[in-house]
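One chain comes next, on its own, written out as structure tokens in the form predicted on its own.
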């Protein structure tokens, strides 16, 4: 599902070139629950941004579901994100003025799906994450864990095969974080490819594949049998 080969990312600041990713290569199979782990400044967030088309590599190849997306333009990536990739962010990124239902339904607006069908599908996804009774609540009326569940439902509403999660438990207490990890684990069991960027070894231990990055290099890439929480 995801394959990167000799991926390089450089940034230029004040005429000085800084290499953030230094020729990294790995494969994440379909249906895998993977963690990209490393300390702050290791390059893991830059890598996630490239995987989601929010940034572009300086060199190397990125295959997504067998297609070379390394040099996609903004329009191609907009289409890809709307059909192939769902995002879950640490800060939830919900729109305060919208209800849980309307936050979840938002990706379907860009597909031109009629409002009635958008609401039906949003309600279905909220039910799946245990928030069927909170569809009319706005983000400020929900706990942090509930807001993250809304964010997961929003990522799933368009049925993308890939979920990219950036520190999805970072703003949650331990027990709630485990609940969110269990939802992500179940998604991988259902066949979705789930990639979690984290600095937490505890989160990584739940994942079947762990890719560790330091100073823009992959130092370990292990794939194990599925863990249980």
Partner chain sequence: MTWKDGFILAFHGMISNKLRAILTMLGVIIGVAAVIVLVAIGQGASSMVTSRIETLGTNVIFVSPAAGTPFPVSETNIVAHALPFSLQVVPSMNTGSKVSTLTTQGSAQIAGTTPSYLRLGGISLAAGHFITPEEVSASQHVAVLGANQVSNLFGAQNPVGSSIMIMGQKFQVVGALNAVGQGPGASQDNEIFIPITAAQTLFRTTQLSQMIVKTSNPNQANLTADYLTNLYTNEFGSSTAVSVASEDQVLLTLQATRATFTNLLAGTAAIALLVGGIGIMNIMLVSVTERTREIGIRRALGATREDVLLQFLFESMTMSLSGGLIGVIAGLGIMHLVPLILKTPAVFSPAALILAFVFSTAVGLIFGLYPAIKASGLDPIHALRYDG
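Numbering follows the first chain given and starts at 1. Everything quoted here is computed from the prediction, not taken from an experiment.
Below, we refer to the form predicted in complex with the partner chain, which is not included among the displayed structures.
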Identify which of 63, 54, 178, 59 has a heavy atom within 4.5 Å of the partner chain in the model of the complex; exactly one of them does. 54
Indicate whether the partner chain has at least one heavy atom within 4.5 Å of a heavy atom of residue 120 in the model of the complex. no
Indicate whether the partner chain has at least one heavy atom within 4.5 Å of a heavy atom of residue 81 in the model of the complex. yes
Test of understanding: in the model of the complex, would residue 72 fall inside 4.5 Å of the partner chain by heavy atoms? no
Would you please decide whether residue 140 lies within 4.5 angstroms of the partner chain in the model of the complex, comparing each non-hydrogen atom pair? no
The partner chain in the model of the complex - contacting residues of 92-106, heavy atom within 4.5 Å: 93, 94, 95, 98, 106
